[in-house]
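There is one chain below, alone, in structure tokens, taken in the form predicted on its own.
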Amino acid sequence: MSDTLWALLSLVATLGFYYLTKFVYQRKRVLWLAPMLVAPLAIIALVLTLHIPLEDYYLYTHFLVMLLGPATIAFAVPIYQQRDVIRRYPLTLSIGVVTGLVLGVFSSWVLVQLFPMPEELANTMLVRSVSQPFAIQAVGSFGGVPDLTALLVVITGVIGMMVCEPVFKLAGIRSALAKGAALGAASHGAGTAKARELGHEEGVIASLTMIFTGVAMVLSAPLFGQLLS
């Protein structure tokens, strides 16, 4: 099969797996069927089974990565739409953003100290707790690798989705605001999706916290990079 056909198959399969898993998950909301978990695994299995060269896979699918730019700008829309929520809960959002940002970077730094790993991977770990568009922009200040950023962000988000409810129950957290702020700050997009399943208010707070934490990471990344270098 030619490189162009492999590339076209890769693009169609990537979009197909995503929309198929999303369709299934909307009808049966089981964690193990979440698109962020199942779709990447299905794509990896396809690439390995058919021995698709990575160069061919990225030939057309890299256009999907380019959409991260417009997606970042589009984050302005929910900020405008939920401006009343921002005015009502400024303290909740501020605490969620600051706490999520500091603990996200610090916990990653602790993991790097406890489990030695290659320097580039260690530096990339530091941005794993913010949404992918922001993480890719910030990772350069830490000396990390943008190509690894997406993988670490997805893993962090999926783990957050999996453990959030037992953690909330164990910690006795019942407040919708607290749940939303925690999921948005620690588990970004995946956490926000989970927050929306828990309730409307949780979803709104998670979305705003995720956005503001991402912006704060991009702005503060040079400072964190200097402090941790």
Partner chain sequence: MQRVLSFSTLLLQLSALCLLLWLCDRLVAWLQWPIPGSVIGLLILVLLLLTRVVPERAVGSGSRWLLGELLLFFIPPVVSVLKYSVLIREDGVMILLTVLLGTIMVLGGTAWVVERVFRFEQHLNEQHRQELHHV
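Residue numbers count along the first chain shown, from 1. Take the two forms, superpose them, and find the largest set of C-alpha atoms that agree within 1.5 Å; that set is the rigid core. Keep in mind it's a predicted model, so treat the numbers as computed, not measured.
Omitted from view is the form predicted together with its partner chain, to which the following refers.
Checked against its partner chain in the predicted bound form, the candidates 59, 164, 193, 198 yield a single residue with a heavy atom inside 4.5 Å, and that residue is 164. Mapping the unseen interface onto this chain, residue 186 counts among the residues with a heavy atom inside 4.5 Å of its partner chain in the predicted bound form. Taking the partner from the other structure, its partner chain in the predicted bound form has a heavy atom within 4.5 Å of a heavy atom of residue 67. Its partner chain in the predicted bound form comes within 4.5 Å of a heavy atom belonging to residue 182. For the chain shown alone, residue 89 is a contact residue for its partner chain in the predicted bound form, at least one non-hydrogen atom being within 4.5 angstroms. Taking its partner chain as it sits in the predicted bound form, the stretch 13-28 comes within 4.5 angstroms of it through a non-hydrogen atom at 14, 15, 18, 19, 22.
Put the two forms on the same core and the Cα of residue 33 is off by less than 2 Å between the shown form and the other one. When two forms of a protein are overlaid on their rigid core, residues whose CA moves 2 Å or more are considered shifted, and residue 168 is one of them between the shown form and the other one.
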